[in-house]
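Below, in structure tokens: the form predicted alone, a single chain.
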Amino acid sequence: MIYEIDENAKARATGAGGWCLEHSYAQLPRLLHAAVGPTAVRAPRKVVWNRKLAEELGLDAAAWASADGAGAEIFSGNVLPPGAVPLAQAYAGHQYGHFTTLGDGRAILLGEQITPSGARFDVQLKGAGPTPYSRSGDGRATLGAMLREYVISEAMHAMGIPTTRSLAVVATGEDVWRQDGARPGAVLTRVAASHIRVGTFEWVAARRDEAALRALVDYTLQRHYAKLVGAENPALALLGAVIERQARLIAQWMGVGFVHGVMNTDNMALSGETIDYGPCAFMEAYDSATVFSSIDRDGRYAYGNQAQIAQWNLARLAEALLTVLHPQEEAAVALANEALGGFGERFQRHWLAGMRRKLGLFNEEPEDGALIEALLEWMQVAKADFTNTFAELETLGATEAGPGSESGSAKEFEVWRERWRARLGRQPQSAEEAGRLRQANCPAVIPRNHRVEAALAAAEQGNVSVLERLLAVLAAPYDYARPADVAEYRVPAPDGGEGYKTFCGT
């Protein structure tokens, strides 16, 4: 079945304020979604507004910018924008390895905004009230959790890492009760290439509806992999494309020290975007076993496990696709295993390429992997700051790199650095060119956890200036020539972030 995804929609007249919403996802079988509207809130007030993103979407940024006017009403869910047909999406997921039926328990899709360039993006309200998939949940979200997603997702975007985006956060004027008591409530407006997840396919496969599964495959190809439409084996083509995008994405995460924190299959988007910023954070002192989630007691989703977990999640996608990969189960399993077997090589290729760039290397040598691993091993022993070590390789004094960088460790770093300099000398590019390559791939600033926490705490008390300043700094992560006052955002937490925990907010 061909779904009506109008590539010429940009030529159509838009609604008031620049809205141009379509609803191609709603054409999929009803088992994939349920019609439901947002639940009104008492006193909506806009806390943060992404004017630049609004303009990219084709919205009239000025029309929706006021803190307590029409924009607050729309982005809280009190009023629907022109053309909205709200729905909640159904999906399942393996959470910490255990299969669960889920769905949008607190998120409502308003529609798909068609931008002036003709691109299509989901516009979703997160924390907009209960849905048929809430499973006794309140359907709400806390202000701190929604601001965290805003900060981290926009920082990831600025770093060039595929991600969902954040358009607005609106305080609801109502309390939300969580394990630590009453917290101020909020609604986040999330913008995504789509919200199709591995868990979306698991949901359909669990219902043994092959027609719906084929429809979902066709739709996902049309929406995200248009060049593969018409492939001889659409499901296999989709699986291979998703494997490639996820291998690249996880390598990008690890290149900046990002720990997603809850890589359940419902949190893996088939578009290849980072989605669902719950107990996520950026590693400071390097440790491959770094875990930030308060509930990940066994380190399932630790920094160093992310590639392995991604492959595990992709295997669940392959299982969901088996009936449409091939009519014979044995042949379907063989096709799936062959595709999945390529993940490791794909990830390693992307990871090596990213790390070479961080070291200023333009060409390839067989020993580059060993050179990179030697640096990481030193960083682990020295408890060196991941971001600052890469950003300052040429000038870093080893005793300044971290709390464990002493005596023998410092000598080991100098030995490594001479090895690295010799490697730089074996490429035709100049030292200046290598330096520019490094700076373009080693962020000078990241959302350091103590800075994020300070910004969230101030915002919860009504002071958004700390948050706004942090967002302004994070908007240019690769700019090394900024005023001196930005330097304070590069300073790690006094303890290197050891013991820092985050919570999912539900």
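Note that residue numbering follows the sequence shown and begins at 1. Just so it is clear, the structure is predicted and the values come from calculations on it, not from any experiment.
Form predicted together with a small molecule: not shown, discussed below.
Subject >> Option from 105 to 113, 216 to 224, 232 to 240, 343 to 351 whose residues, in the predicted bound form, bring a heavy atom within 4.5 Å of the small molecule >> reply: Correct option: 105 to 113.
Subject >> E73, E273, D122, D276 - the one with a heavy atom within 4.5 Å of the small molecule in the predicted bound form >> reply: For this set of options, the contacting one is D276.
Original post:
Which listed residue (R357, R178, R417, R245) meets the criterion of a heavy atom within 4.5 Å of the small molecule in the predicted bound form?
Top reply: Of R357, R178, R417, R245, the residue with a heavy atom within 4.5 Å of the small molecule in the predicted bound form is R178.
Original post:
With the cut-off set at 4.5 Å between non-hydrogen atoms, does D296 touch the small molecule in the predicted bound form?
Top reply: No, D296 stays farther than 4.5 Å from the small molecule in the predicted bound form.
Original post:
Taking heavy atoms and a 4.5 Å cut-off, does D138 contact the small molecule in the predicted bound form?
Top reply: Yes, D138 sits close enough to the small molecule in the predicted bound form that at least one of its heavy atoms falls within 4.5 Å.
Original post:
Is E202 close enough to touch the small molecule in the predicted bound form, meaning at least one heavy atom pair within 4.5 Å?
Top reply: Judged by the heavy-atom cut-off of 4.5 Å, E202 is well away from the small molecule in the predicted bound form.
Original post:
Is there any non-hydrogen atom of E154 lying within 4.5 Å of the small molecule in the predicted bound form?
Top reply: No, E154 is distant from the partner.
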